[in-house]
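Here we start with a single chain on its own, the form predicted on its own, put down as C-alpha coordinates.
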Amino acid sequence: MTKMTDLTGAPALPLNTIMAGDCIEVMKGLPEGSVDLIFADPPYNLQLKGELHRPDNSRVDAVDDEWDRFSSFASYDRFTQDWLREARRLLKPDGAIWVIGSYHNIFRVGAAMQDAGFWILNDVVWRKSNPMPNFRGKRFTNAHETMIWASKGEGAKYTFNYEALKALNEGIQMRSDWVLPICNGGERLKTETGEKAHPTQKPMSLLHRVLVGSTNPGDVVLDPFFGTGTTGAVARMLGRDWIGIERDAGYREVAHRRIADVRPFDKSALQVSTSRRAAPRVPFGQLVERGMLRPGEELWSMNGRHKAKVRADGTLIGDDVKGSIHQVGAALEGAPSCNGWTYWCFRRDGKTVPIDVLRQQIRAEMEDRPD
(Lines give C-alpha, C1' and ligand atoms only; values in the text may rest on other atoms or scores of the structure.)
Protein backbone atom coordinates (compact mmCIF):
# COMPACT_ATOMS: atom_id res chain seq x y z
CA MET A 1 0.00 0.00 0.00
CA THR A 2 1.30 3.44 -0.91
CA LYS A 3 1.73 5.64 2.15
CA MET A 4 0.73 9.29 1.96
CA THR A 5 1.82 12.18 4.18
CA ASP A 6 0.57 15.70 4.72
CA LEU A 7 2.72 18.84 4.95
CA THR A 8 3.66 18.03 8.55
CA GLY A 9 4.96 14.60 7.60
CA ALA A 10 2.11 12.79 9.37
CA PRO A 11 0.13 10.13 7.50
CA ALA A 12 -2.68 11.69 5.47
CA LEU A 13 -6.11 10.20 5.00
CA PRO A 14 -6.81 8.77 1.54
CA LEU A 15 -10.19 10.48 1.37
CA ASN A 16 -12.78 9.32 -1.15
CA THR A 17 -10.60 6.37 -2.13
CA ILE A 18 -11.12 2.62 -2.31
CA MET A 19 -8.06 0.97 -0.81
CA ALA A 20 -7.13 -2.52 -1.93
CA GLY A 21 -6.13 -5.20 0.55
CA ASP A 22 -6.95 -6.92 3.80
CA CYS A 23 -8.92 -4.54 6.01
CA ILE A 24 -6.83 -5.15 9.12
CA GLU A 25 -3.51 -4.50 7.40
CA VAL A 26 -4.83 -1.44 5.57
CA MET A 27 -6.30 0.03 8.76
CA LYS A 28 -2.94 -0.34 10.47
CA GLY A 29 -1.53 2.13 7.95
CA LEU A 30 -4.12 4.84 8.66
CA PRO A 31 -3.54 7.54 11.29
CA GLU A 32 -4.94 7.14 14.78
CA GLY A 33 -8.00 9.19 15.75
CA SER A 34 -8.78 10.28 12.20
CA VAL A 35 -12.26 8.91 11.45
CA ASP A 36 -15.67 10.21 12.55
CA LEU A 37 -17.75 7.13 11.82
CA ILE A 38 -17.21 3.50 10.86
CA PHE A 39 -19.91 1.47 9.15
CA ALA A 40 -18.92 -2.18 9.07
CA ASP A 41 -20.67 -5.01 7.26
CA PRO A 42 -18.27 -7.85 8.11
CA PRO A 43 -18.53 -11.46 6.94
CA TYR A 44 -21.48 -13.16 8.65
CA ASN A 45 -19.82 -16.60 8.92
CA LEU A 46 -22.98 -18.31 7.67
CA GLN A 47 -21.47 -21.79 8.00
CA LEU A 48 -23.29 -23.13 4.95
CA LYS A 49 -22.77 -26.86 4.54
CA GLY A 50 -24.00 -27.13 0.98
CA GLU A 51 -26.18 -25.57 -1.67
CA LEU A 52 -29.65 -24.26 -0.82
CA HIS A 53 -32.60 -25.13 -3.05
CA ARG A 54 -36.18 -23.93 -3.39
CA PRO A 55 -39.12 -26.38 -3.29
CA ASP A 56 -38.94 -26.57 -7.12
CA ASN A 57 -35.28 -27.65 -6.71
CA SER A 58 -33.92 -24.43 -8.21
CA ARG A 59 -30.70 -23.22 -6.58
CA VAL A 60 -30.77 -20.26 -4.17
CA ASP A 61 -28.09 -17.65 -4.83
CA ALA A 62 -26.79 -17.74 -1.23
CA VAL A 63 -23.58 -16.41 0.26
CA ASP A 64 -20.96 -19.08 -0.35
CA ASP A 65 -17.98 -16.86 -1.18
CA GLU A 66 -14.52 -17.58 0.17
CA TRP A 67 -14.49 -14.39 2.26
CA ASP A 68 -17.36 -15.73 4.40
CA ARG A 69 -15.63 -18.99 5.31
CA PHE A 70 -13.88 -19.50 8.65
CA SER A 71 -12.52 -22.74 10.02
CA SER A 72 -14.11 -22.33 13.44
CA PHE A 73 -15.87 -19.89 15.77
CA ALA A 74 -12.50 -19.27 17.41
CA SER A 75 -11.03 -18.26 14.06
CA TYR A 76 -13.92 -15.89 13.41
CA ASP A 77 -13.57 -14.41 16.89
CA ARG A 78 -9.87 -13.70 16.36
CA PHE A 79 -10.63 -12.00 13.06
CA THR A 80 -13.36 -9.91 14.72
CA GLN A 81 -11.15 -8.89 17.62
CA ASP A 82 -8.34 -7.84 15.27
CA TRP A 83 -10.41 -5.59 13.00
CA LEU A 84 -12.33 -4.07 15.92
CA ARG A 85 -9.05 -3.18 17.65
CA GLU A 86 -7.91 -1.24 14.60
CA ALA A 87 -11.34 0.31 14.12
CA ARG A 88 -11.36 1.70 17.64
CA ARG A 89 -7.83 3.07 17.21
CA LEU A 90 -8.91 4.98 14.10
CA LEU A 91 -11.98 6.60 15.63
CA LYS A 92 -11.81 10.15 16.93
CA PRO A 93 -12.66 10.56 20.65
CA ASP A 94 -16.23 11.52 19.67
CA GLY A 95 -16.47 8.97 16.87
CA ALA A 96 -18.87 6.05 16.65
CA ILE A 97 -19.29 2.71 14.91
CA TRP A 98 -22.16 0.77 13.34
CA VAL A 99 -21.82 -2.97 12.75
CA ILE A 100 -24.49 -4.96 10.94
CA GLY A 101 -24.96 -8.71 11.10
CA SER A 102 -27.35 -11.62 11.33
CA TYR A 103 -28.01 -14.16 14.07
CA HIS A 104 -24.97 -16.09 12.79
CA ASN A 105 -22.47 -13.51 13.99
CA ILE A 106 -23.94 -10.39 15.63
CA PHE A 107 -23.95 -11.77 19.18
CA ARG A 108 -20.30 -12.76 18.95
CA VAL A 109 -19.46 -9.37 17.42
CA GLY A 110 -21.38 -7.53 20.16
CA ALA A 111 -19.45 -9.30 22.91
CA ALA A 112 -16.16 -8.56 21.12
CA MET A 113 -17.12 -4.88 20.85
CA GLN A 114 -17.70 -4.65 24.58
CA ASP A 115 -14.45 -6.49 25.29
CA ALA A 116 -12.63 -4.01 23.01
CA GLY A 117 -13.91 -1.03 25.01
CA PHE A 118 -16.77 0.18 22.83
CA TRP A 119 -19.92 1.41 24.60
CA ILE A 120 -23.13 0.13 23.01
CA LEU A 121 -25.68 2.90 22.47
CA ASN A 122 -28.43 0.95 20.69
CA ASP A 123 -29.10 -2.21 18.82
CA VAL A 124 -31.21 -1.34 15.79
CA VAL A 125 -33.29 -3.98 14.06
CA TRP A 126 -33.54 -3.61 10.30
CA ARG A 127 -36.89 -5.29 9.63
CA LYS A 128 -37.03 -6.20 5.97
CA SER A 129 -40.36 -5.38 4.37
CA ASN A 130 -39.72 -7.96 1.62
CA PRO A 131 -37.50 -10.72 3.09
CA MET A 132 -36.49 -13.87 1.28
CA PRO A 133 -38.74 -16.76 2.45
CA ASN A 134 -37.46 -19.79 4.29
CA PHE A 135 -37.60 -22.33 1.49
CA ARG A 136 -37.16 -25.43 3.65
CA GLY A 137 -40.05 -24.50 5.93
CA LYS A 138 -38.16 -25.67 9.02
CA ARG A 139 -37.49 -22.27 10.62
CA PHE A 140 -38.96 -18.80 10.81
CA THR A 141 -38.34 -16.54 7.85
CA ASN A 142 -35.19 -14.50 8.50
CA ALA A 143 -36.90 -11.12 8.22
CA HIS A 144 -34.40 -8.89 9.99
CA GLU A 145 -30.76 -8.04 10.59
CA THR A 146 -29.32 -6.34 13.64
CA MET A 147 -27.09 -3.28 13.75
CA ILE A 148 -25.06 -2.33 16.81
CA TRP A 149 -24.37 1.38 17.28
CA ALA A 150 -21.60 2.17 19.75
CA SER A 151 -19.43 5.06 20.90
CA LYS A 152 -15.70 4.74 21.43
CA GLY A 153 -16.11 4.22 25.16
CA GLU A 154 -18.29 4.79 28.21
CA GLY A 155 -19.06 8.48 28.59
CA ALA A 156 -17.63 9.35 25.16
CA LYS A 157 -19.38 11.99 23.08
CA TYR A 158 -20.94 11.08 19.73
CA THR A 159 -23.08 12.63 17.00
CA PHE A 160 -26.80 12.01 17.14
CA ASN A 161 -29.03 14.16 14.93
CA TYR A 162 -32.20 13.41 16.87
CA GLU A 163 -34.34 16.12 15.26
CA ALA A 164 -33.26 15.10 11.75
CA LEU A 165 -34.28 11.48 12.33
CA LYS A 166 -37.54 12.65 13.87
CA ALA A 167 -38.20 14.74 10.76
CA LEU A 168 -37.47 11.69 8.57
CA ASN A 169 -40.13 9.85 10.57
CA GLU A 170 -42.89 12.45 10.05
CA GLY A 171 -42.31 14.18 13.37
CA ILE A 172 -42.31 11.03 15.48
CA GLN A 173 -39.28 9.95 17.50
CA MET A 174 -37.27 7.43 15.47
CA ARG A 175 -37.54 3.94 16.92
CA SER A 176 -34.90 1.24 17.02
CA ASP A 177 -36.79 -0.98 14.56
CA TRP A 178 -36.46 0.22 10.98
CA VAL A 179 -38.79 -1.16 8.32
CA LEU A 180 -36.96 -0.88 5.00
CA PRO A 181 -36.91 -3.10 1.89
CA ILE A 182 -33.96 -5.22 0.90
CA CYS A 183 -31.88 -4.12 -2.05
CA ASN A 184 -33.68 -5.12 -5.25
CA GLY A 185 -35.01 -3.76 -8.52
CA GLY A 186 -33.00 -1.05 -10.21
CA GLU A 187 -30.82 -0.52 -7.16
CA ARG A 188 -29.47 -4.07 -7.25
CA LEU A 189 -26.15 -4.07 -9.07
CA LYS A 190 -25.67 -6.82 -11.65
CA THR A 191 -22.73 -8.29 -13.53
CA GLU A 192 -22.57 -8.41 -17.31
CA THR A 193 -24.11 -11.90 -17.14
CA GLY A 194 -27.06 -10.65 -15.06
CA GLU A 195 -25.94 -12.11 -11.75
CA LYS A 196 -25.83 -10.17 -8.49
CA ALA A 197 -22.63 -8.14 -8.30
CA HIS A 198 -22.56 -8.76 -4.53
CA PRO A 199 -24.67 -11.25 -2.57
CA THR A 200 -25.28 -8.97 0.45
CA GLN A 201 -25.59 -5.50 -1.11
CA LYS A 202 -27.21 -3.17 1.42
CA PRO A 203 -29.98 -0.76 0.40
CA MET A 204 -29.10 2.92 0.12
CA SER A 205 -32.05 3.80 2.36
CA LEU A 206 -30.36 2.01 5.26
CA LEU A 207 -27.10 3.94 4.87
CA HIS A 208 -28.98 7.21 4.33
CA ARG A 209 -30.63 6.86 7.73
CA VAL A 210 -27.38 5.87 9.43
CA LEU A 211 -25.37 8.76 7.98
CA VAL A 212 -28.03 11.44 8.40
CA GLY A 213 -28.54 10.34 12.00
CA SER A 214 -24.95 9.96 13.15
CA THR A 215 -22.70 12.16 10.97
CA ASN A 216 -22.51 15.73 9.72
CA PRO A 217 -21.42 17.11 6.32
CA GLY A 218 -17.64 16.95 6.01
CA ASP A 219 -17.27 14.02 8.42
CA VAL A 220 -15.05 11.10 7.44
CA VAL A 221 -16.79 7.71 7.14
CA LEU A 222 -14.77 4.51 6.92
CA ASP A 223 -16.17 1.22 5.60
CA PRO A 224 -13.61 -1.59 6.09
CA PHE A 225 -15.76 -4.12 4.17
CA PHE A 226 -16.64 -1.86 1.26
CA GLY A 227 -18.07 -4.41 -1.17
CA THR A 228 -19.75 -2.63 -4.07
CA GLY A 229 -19.68 0.73 -2.30
CA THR A 230 -23.11 1.53 -0.87
CA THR A 231 -21.51 3.44 2.00
CA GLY A 232 -19.34 5.48 -0.37
CA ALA A 233 -22.22 6.25 -2.73
CA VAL A 234 -24.49 7.54 0.04
CA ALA A 235 -21.65 9.41 1.74
CA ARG A 236 -20.83 11.19 -1.54
CA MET A 237 -24.46 12.18 -2.03
CA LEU A 238 -24.69 13.53 1.52
CA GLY A 239 -21.48 15.55 1.45
CA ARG A 240 -19.45 13.25 3.70
CA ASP A 241 -15.91 12.13 2.93
CA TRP A 242 -15.42 8.38 2.80
CA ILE A 243 -12.74 5.71 2.77
CA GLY A 244 -13.40 2.19 1.55
CA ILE A 245 -11.31 -0.94 2.05
CA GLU A 246 -11.97 -3.93 -0.20
CA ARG A 247 -9.74 -6.85 -1.12
CA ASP A 248 -11.84 -8.19 -4.00
CA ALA A 249 -10.86 -6.54 -7.31
CA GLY A 250 -14.24 -7.27 -8.87
CA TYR A 251 -16.14 -5.51 -6.11
CA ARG A 252 -13.73 -2.56 -6.28
CA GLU A 253 -14.32 -2.16 -10.00
CA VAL A 254 -18.10 -2.13 -9.55
CA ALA A 255 -17.82 0.34 -6.66
CA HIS A 256 -15.60 2.70 -8.65
CA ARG A 257 -18.09 2.87 -11.51
CA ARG A 258 -21.03 3.23 -9.17
CA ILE A 259 -19.60 6.09 -7.11
CA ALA A 260 -18.33 7.93 -10.17
CA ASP A 261 -21.95 8.17 -11.35
CA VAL A 262 -23.18 9.64 -8.05
CA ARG A 263 -24.10 13.29 -8.05
CA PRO A 264 -23.64 15.00 -4.65
CA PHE A 265 -26.63 16.89 -3.28
CA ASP A 266 -26.52 20.68 -3.26
CA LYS A 267 -24.93 21.98 -0.05
CA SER A 268 -28.09 23.81 0.97
CA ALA A 269 -30.00 20.51 0.80
CA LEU A 270 -27.61 18.87 3.27
CA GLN A 271 -28.74 20.99 6.21
CA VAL A 272 -30.87 18.97 8.63
CA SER A 273 -33.14 19.76 11.53
CA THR A 274 -31.25 20.47 14.75
CA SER A 275 -32.32 20.53 18.36
CA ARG A 276 -32.83 23.79 20.22
CA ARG A 277 -29.79 22.94 22.32
CA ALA A 278 -27.65 22.88 19.20
CA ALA A 279 -28.77 26.38 18.14
CA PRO A 280 -26.45 29.34 18.92
CA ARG A 281 -26.88 30.67 22.46
CA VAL A 282 -28.38 34.16 22.67
CA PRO A 283 -28.34 35.85 26.10
CA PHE A 284 -31.46 37.89 26.93
CA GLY A 285 -29.17 40.86 27.61
CA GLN A 286 -28.24 40.93 23.93
CA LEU A 287 -31.82 41.95 23.11
CA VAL A 288 -31.39 44.92 25.47
CA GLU A 289 -27.93 45.83 24.11
CA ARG A 290 -29.27 45.92 20.57
CA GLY A 291 -32.29 48.03 21.48
CA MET A 292 -34.80 45.33 20.57
CA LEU A 293 -36.12 45.75 24.12
CA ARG A 294 -35.49 48.91 26.14
CA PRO A 295 -34.73 49.29 29.85
CA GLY A 296 -37.97 50.10 31.65
CA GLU A 297 -40.11 48.32 29.05
CA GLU A 298 -42.75 46.00 30.49
CA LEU A 299 -42.94 42.31 29.69
CA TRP A 300 -46.10 40.27 30.25
CA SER A 301 -46.47 36.61 31.09
CA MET A 302 -48.05 34.48 28.37
CA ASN A 303 -51.08 33.89 30.63
CA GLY A 304 -51.42 37.63 31.26
CA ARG A 305 -51.29 37.33 35.05
CA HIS A 306 -47.86 38.85 35.68
CA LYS A 307 -45.64 41.62 34.40
CA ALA A 308 -42.06 42.74 34.95
CA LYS A 309 -39.76 45.52 33.82
CA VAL A 310 -36.61 45.11 31.78
CA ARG A 311 -33.43 46.41 33.42
CA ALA A 312 -30.32 47.70 31.70
CA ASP A 313 -28.24 44.65 32.66
CA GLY A 314 -30.64 42.19 31.05
CA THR A 315 -32.43 41.19 34.24
CA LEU A 316 -36.09 41.74 35.18
CA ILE A 317 -37.84 43.14 38.23
CA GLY A 318 -41.43 42.32 39.10
CA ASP A 319 -43.32 42.25 42.40
CA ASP A 320 -40.03 42.88 44.25
CA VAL A 321 -38.49 39.83 42.54
CA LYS A 322 -35.25 40.42 40.66
CA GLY A 323 -33.27 38.09 38.45
CA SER A 324 -33.07 36.50 35.01
CA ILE A 325 -36.07 36.02 32.76
CA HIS A 326 -36.19 32.42 33.99
CA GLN A 327 -35.80 33.18 37.71
CA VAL A 328 -38.44 35.92 37.80
CA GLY A 329 -40.91 33.85 35.83
CA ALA A 330 -40.47 30.88 38.15
CA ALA A 331 -40.82 33.05 41.27
CA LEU A 332 -44.01 34.75 40.06
CA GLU A 333 -45.57 31.40 39.16
CA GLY A 334 -44.36 29.69 42.33
CA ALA A 335 -42.77 27.04 40.12
CA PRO A 336 -39.40 25.27 40.52
CA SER A 337 -38.32 26.40 37.04
CA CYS A 338 -39.48 28.42 34.06
CA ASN A 339 -38.40 28.85 30.44
CA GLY A 340 -38.41 32.64 30.28
CA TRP A 341 -38.14 32.66 26.47
CA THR A 342 -41.57 31.10 26.09
CA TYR A 343 -43.07 32.66 29.26
CA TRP A 344 -42.52 36.38 28.59
CA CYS A 345 -44.04 38.57 25.87
CA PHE A 346 -43.74 42.21 24.80
CA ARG A 347 -46.36 44.41 23.20
CA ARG A 348 -46.09 46.12 19.83
CA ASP A 349 -48.86 47.91 17.99
CA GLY A 350 -51.48 46.36 20.23
CA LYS A 351 -50.16 42.83 19.68
CA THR A 352 -48.58 40.49 22.23
CA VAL A 353 -45.37 38.93 20.88
CA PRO A 354 -43.22 36.25 22.60
CA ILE A 355 -39.66 37.45 23.27
CA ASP A 356 -38.43 34.23 21.65
CA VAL A 357 -39.28 35.83 18.29
CA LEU A 358 -36.45 38.31 18.90
CA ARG A 359 -34.06 35.53 19.85
CA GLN A 360 -34.85 33.64 16.64
CA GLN A 361 -34.25 36.82 14.66
CA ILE A 362 -30.73 37.09 16.09
CA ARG A 363 -30.06 33.40 15.46
CA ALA A 364 -31.12 33.76 11.83
CA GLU A 365 -28.66 36.63 11.45
CA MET A 366 -25.89 34.52 12.98
CA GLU A 367 -26.55 31.64 10.59
CA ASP A 368 -26.53 33.96 7.57
CA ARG A 369 -23.06 35.30 8.34
CA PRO A 370 -20.41 34.32 5.77
CA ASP A 371 -17.74 31.88 6.98
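Treat the numbers as computed from the prediction; the structure is a model and nothing was measured. Throughout, rigid core stands for the largest set of C-alpha atoms superposing within 1.5 Å between the two forms. The first residue of the shown sequence is 1; numbering continues from there.
Below, we refer to the form predicted in complex with a further copy of the same chain, which is not included among the displayed structures.
Trainee: Within 4.5 Å of a further copy of the same chain in the predicted bound form, counting heavy atoms only, one of 193-201, 141-149, 220-228, 246-254 shows up; tell me which.
Mentor: Checking each option against the 4.5 Å cut-off leaves 141-149.
Trainee: Is the gap between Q81 and a further copy of the same chain in the predicted bound form 4.5 Å or less for some heavy atom pair?
Mentor: Outside the cut-off, so no.
Trainee: Can you check whether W242 is within 4.5 Å of a further copy of the same chain in the predicted bound form, heavy atom basis?
Mentor: Taking the distances in the predicted bound form, the answer for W242 is no, it never comes within 4.5 Å of a further copy of the same chain.
Trainee: Would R175 count as a contact of a further copy of the same chain in the predicted bound form, using a 4.5 angstroms cut-off between non-hydrogen atoms?
Mentor: Heavy-atom contact with a further copy of the same chain at 4.5 Å: present for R175.
Trainee: Taking heavy atoms only, is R236 within 4.5 angstroms of a further copy of the same chain in the predicted bound form?
Mentor: Contact with a further copy of the same chain, no.
Trainee: Using a 4.5 Å heavy atom cutoff, which residues in 110-124 contact a further copy of the same chain in the predicted bound form? It's fine if the answer is none.
Mentor: If the 4.5 Å heavy-atom criterion is applied to a further copy of the same chain in the predicted bound form, 110-124 yields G110, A111, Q114, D115, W119, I120, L121, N122, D123, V124.
Trainee: Superpose on the rigid core, then tell me if the C-alpha of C338 is displaced by 2 angstroms or more between this form and the one not shown.
Mentor: The answer is yes; the displacement is at least 2 Å.
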